[in-house]
Structures are given as structure tokens and as C-alpha cells.
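Below sits a lone chain in C-alpha cells, taken as the form predicted on its own.
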Amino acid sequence: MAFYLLPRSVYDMSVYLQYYKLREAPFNITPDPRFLFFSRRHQEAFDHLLFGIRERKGFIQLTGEVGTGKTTVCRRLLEELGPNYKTALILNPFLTAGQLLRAIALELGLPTRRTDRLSILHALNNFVLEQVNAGNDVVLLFDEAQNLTHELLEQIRLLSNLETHSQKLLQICLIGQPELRDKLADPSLRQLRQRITIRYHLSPLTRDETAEYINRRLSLAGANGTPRFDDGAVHRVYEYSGGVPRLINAVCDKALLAGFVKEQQVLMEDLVKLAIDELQGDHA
């Protein structure tokens, strides 16, 4: 009987972890910076963002396919910046221009007694100048930026006008799927596009990096040799996921569940195939 047809009781996470002697689930899909695997590409993406911010380049663009780890890199960046950087991370792009400004003010901890756009802009301008005079930098990060409307992108461009003769006073990171590049190619956004001086596209993991990624997450979760994925299992995981971390996590988590049900500490290709069948809804 396939594992996805068993009673729901076998899905108890505490039993699952106890069987494998793990401290925590190794393949959660939440963007936990502790589990960030720095492939060469992730390191380069992180370095581009950090360089652009520290050198006050103004606009920075990071793109990548769904699930490649952009948000996790972003959260790791926030940990790295330290107390001299005042940051606002905007996760919801489906806002009006006024709501966007209020969201930025809220993230920066600004009091906004008046909520009209002009008052918030004035408060934001004063805040940025105060921070610069105190030796701090202000950084705005917009996740899922491919969903920002042209109006919002233009509002963000106008925010970047805060500058002195020698430097930008506000660092802005646009983080999104490849569609962001297509959107910024629109002639109506050429002024914004011309201000982006740092760009990086985050690619999926290679087959060897996929194996390293799986082993590292297992180790961080407390694995000591077992459970482990053999070469055939890793190959099938890579073949299915294309090296996209989110898909790797999904299939490996299901494969561990299959191993638990079948009482196998070494995960082989047949278990990964079962996991893929469930993820694809193929229960025949």
C-alpha cells in the first residue's frame, strides 16, 4: 500500500522526527536563513546585494525563478546588515501608492499621525536625513517586485531622488521573478531601469549542489549519517526539481515520510518516486 493511502496518524511530525532522531524538520519550505545553502550562485547574489547597499549604489535588482531562494537570501542579508542600517522589507506588492508609503513608514517605525501621501513623504524625507546625519543607512527591500504596478514602481523611483551631490541617501532592492526584468524593459519605466546599477539573476542548483544541499539540511536538523539519500535518490530529486530549492524541500520531505512508513533509514530512488507521485497527485 502506498504511503499516501495510510491513515493520517502516520503524518504526526513528532513521530516522524523521533524515528529519524532529528531535532527539527530538515525540509521546511519556509525561508529560514539558518538553512540557507550558499551555492556559488547564492553567494554571488548575496555579495551583489551587500556590495550595492554598502557602496550606496541606489537601485539593486535580484531576480530568479520561483523557489530558487531569493527571499531566504534577502532575510540573510537583513541579518548581516547590522544596527547601522534601518531597513523596511515590503512583502505585499498589491498596494496603492498611498498604502505603499504607509507600509514603508510602518516598517521603519515612523509615527504617521497624518496618512496623506504628502505628509508621509515629508516624514520619510526627514527620517532619511536624520539617519544619514547619524551615520546610518536606510534600505528598502521589495519582495515579489514583479507584481508591483507601473504606478508603484514610479513612486519607488521618486523615493530614490533623495540624494546629495556625492551619494544616494536611500538604497532600494527590487527582488522578484524573471517577469520583473520584462516589466522594467517597458519604455515607460526607462528612467527607473537606467538607475539600476547592480543586477543579478539567481539560477537553480546544479546536480552536485543538490546533493550538498540535501546533506547540509539533514545535518543541520540533527542527522548523523542517517537518514540519507543514496545517489539514485539524489538523481531523481534533481531530475524532478531542476535544482530549485523549494521543490527539493517538497520532494525530500515526502520521501522522508515514505521512508518512515516503510521503516527505511536510507532513502532510495523508489521512495523518491513515491514522493513525486504524491506531489503530482498521481495516486494510481
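We number the residues from 1 along the sequence you see. Keep in mind that what you see is a predicted model, and the values were worked out from it rather than measured.
Keep in mind that the form predicted in complex with a small molecule is not shown, yet the notes after this line are about it.
Asks: May I ask you to check whether D230 falls inside a 4.5 Å heavy atom distance of the small molecule in the predicted complex?
Replies: No, no contact at 4.5 Å.
Asks: Is there any non-hydrogen atom of E144 lying within 4.5 Å of the small molecule in the predicted complex?
Replies: So E144 counts as contacting the small molecule.
Asks: Looking in the predicted complex, any heavy atom of T226 within 4.5 Å of the small molecule?
Replies: The answer is no: T226 has no heavy atom within 4.5 Å of the small molecule.
Asks: Wondering, does G69 line up within 4.5 Å of the small molecule in the predicted complex on heavy atoms?
Replies: Yes - in the predicted complex, heavy atoms of G69 and the small molecule come within 4.5 Å of each other.
Asks: For the chain shown here without its partner, which stretch in 253-261, 34-42, 234-242, 49-57 has non-hydrogen atoms within 4.5 angstroms of the small molecule in the predicted complex?
Replies: Going through the listed ranges, the match is 34-42.
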